[in-house]
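Starting off, we have a lone chain in the form predicted alone, written out as structure tokens.
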């Protein structure tokens, strides 16, 4: 199948905190702001609770790009969860580089409950960036191979 990047509709998974970004995404909808429909949102109590193995699992299950978004610094409902997430992200970036995964496929952002327009911008720019990068099938192939090898012993 020959797909050009203009026909490619990327699959984006967004891991968002409940208190800020999810509420901001809800505001986007209630404000009737238009944004790409390529995003599936997974809501967490806090970005500090997001295990980065979930991001790798999303790639293994066919995601072309990922958004991780939470409260702005010093606005975390749990005081410091977003700082914890930022520290994890810095460490995780190095691991992604080591594994050969393009870090441009993951967008990390801060979106508050009052920033519905910003959420629309984050989604639209991420979809445009991933569309330029093209489909991400390499990690899925590796994950399927490892699952098969694990199953066969």
Partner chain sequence: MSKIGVFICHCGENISATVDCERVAQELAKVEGVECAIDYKYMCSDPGQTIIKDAIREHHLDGVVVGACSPRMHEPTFRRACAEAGLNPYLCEIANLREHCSWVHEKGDATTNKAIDLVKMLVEKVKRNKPLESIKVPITKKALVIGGGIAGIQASLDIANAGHQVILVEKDPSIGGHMSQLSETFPTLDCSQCILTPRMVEVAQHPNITLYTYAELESLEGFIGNFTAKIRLKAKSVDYKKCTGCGACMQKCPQKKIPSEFNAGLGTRTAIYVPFPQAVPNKPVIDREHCNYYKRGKCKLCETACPTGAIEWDKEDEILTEQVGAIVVTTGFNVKGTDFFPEYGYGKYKDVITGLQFERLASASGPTFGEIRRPSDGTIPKKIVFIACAGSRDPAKGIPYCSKICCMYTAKHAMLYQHKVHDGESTVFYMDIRAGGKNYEEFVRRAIEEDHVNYVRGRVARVYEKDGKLIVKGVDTLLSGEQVEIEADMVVLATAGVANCGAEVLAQKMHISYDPYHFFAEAHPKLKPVETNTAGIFLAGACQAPKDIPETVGMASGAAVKVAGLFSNNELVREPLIAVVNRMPPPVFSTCVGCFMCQTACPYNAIEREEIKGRDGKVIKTVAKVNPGLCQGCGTCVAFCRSKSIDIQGYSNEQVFAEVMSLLNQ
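Worth saying up front: this structure is predicted, and the values here are computed from it rather than measured. Positions refer to the first chain, counted from 1.
What comes next is about the form predicted together with its partner chain, which does not appear here.
In the predicted complex, its partner chain sits beyond 4.5 Å of every heavy atom of residue 121. In the predicted complex, at least one heavy atom of residue 26 sits within 4.5 Å of a heavy atom of its partner chain.
In the predicted complex, its partner chain lies within 4.5 Å of some heavy atom of residue 51. Although the partner is absent here, residue 104 lies well away from its partner chain in the predicted complex, with no heavy atom inside 4.5 Å. Within 4.5 Å of its partner chain in the predicted complex, a heavy atom is found for none of 86, 108 and 137. Residues of 9 to 41 that come within 4.5 Å of its partner chain in the predicted complex, judged by any heavy atom, are 11, 13, 15, 18, 19, 22, 23, 25, 26, 28, 29, 30, 32, 33, 34, 35, 36, 37, 39, 40, 41 in sequence order.
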